[in-house]
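Before any questions on how it binds or moves, here is one chain, the form predicted alone, in structure tokens.
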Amino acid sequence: MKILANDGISKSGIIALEDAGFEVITTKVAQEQVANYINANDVKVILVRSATKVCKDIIDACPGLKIIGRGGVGMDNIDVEYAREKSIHVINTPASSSDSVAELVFAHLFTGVRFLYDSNRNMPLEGDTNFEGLKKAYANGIELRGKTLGIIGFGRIGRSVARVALGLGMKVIAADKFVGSAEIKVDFYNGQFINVDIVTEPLEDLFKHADFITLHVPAQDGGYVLGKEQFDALKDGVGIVNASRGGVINEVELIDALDSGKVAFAGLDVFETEPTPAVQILMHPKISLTPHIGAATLEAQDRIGTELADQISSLLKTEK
């Protein structure tokens, strides 16, 4: 049985699938040719990440498809309900990349509080001629320890973020209309750990108290999670990180808030007009930028590949 991993899959995932008797195809097929390729090659399973879309037209055109798999959490590039109506299994790997995304959030937070986003731009230009000036310019950093981190969206990734924050000695508040509370286990050396119970709070309270805000919510059908009204409610000098989905922050309002000083810095891994982010965002001196790489660690890709392999093998074990 053939599996098309159109957006790639880790070597460990390929090995696991091949060991289970599947043929794995890693040829990158252009979006407009996906349906033809699936039918011409009798592909039964298509695996995607964020690049390839599996919408109604492909589902209708490929009656032989048995499984659509998404390597990652969000499935907004798949017509999930329609596929399931057609008796196609739709699977994903919601837990595999949580820690990788959480660590990227803190990469952006550390970058923001120590001005690395600006320092890394200016040191190559002025480091040999204005070293003392740059040293003075970047000498007013702050620590994350003791500050309050507001987490919007308290699913798997939000909880991984909370775990790191607690380990750093931060105060954590969270808001999630679907989650009332969660127990966060913080592991230490030699098997030691502590459990911390976090009860979610209304967004208004989070806005009032958070020194930093990180978003971990799905794509929004209408409106923004952070628009003008919400920016106005934030503490002055807050730092904001978005490693969830583009379109949950109004980027025009974000730029205004950065320019006014309401927001001290932002870290963005996703963008409203991805994959062509607005030039005003790309060039802003107070924004730390990454190109949607939250789940892109070797460890996460290994976990994603093997978890997809396990699910596929379980679903198709009698049909190989």
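Quick note: we count residues from 1 along the sequence shown, nothing fancier. From a predicted model like this one, the values you see are computed outputs, not experimental measurements. For clarity, a rigid core is taken as the largest C-alpha set superposing within 1.5 Å between two forms.
From this point on, the text means the form predicted together with a small molecule, which you will not see here.
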Among 113-121, 133-141, 153-161, 83-91, the stretch whose residues bring a heavy atom within 4.5 Å of the small molecule in the predicted bound form is 153-161
Checked V217, L206, A182, L166 for heavy atoms within 4.5 Å of the small molecule in the predicted bound form; positive is V217
Counting non-hydrogen atoms within 4.5 angstroms of the small molecule in the predicted bound form, say which of V225, V238, M170, I198 makes the cut. V225
Contact with the small molecule in the predicted bound form for D211, defined as at least one heavy atom pair within 4.5 Å: yes or no? no
With the partner left out of view, is D269 within 4.5 angstroms of the small molecule in the predicted bound form by any non-hydrogen atom? yes
At 4.5 Å between heavy atoms, is R145 in contact with the small molecule in the predicted bound form? no
Can you tell me whether H108 touches the small molecule? I mean in the predicted bound form, with a 4.5 angstroms heavy atom cut-off. no
Does superposing the core leave M75 with a CA shift of 2 Å or more between this form and the one not shown? yes
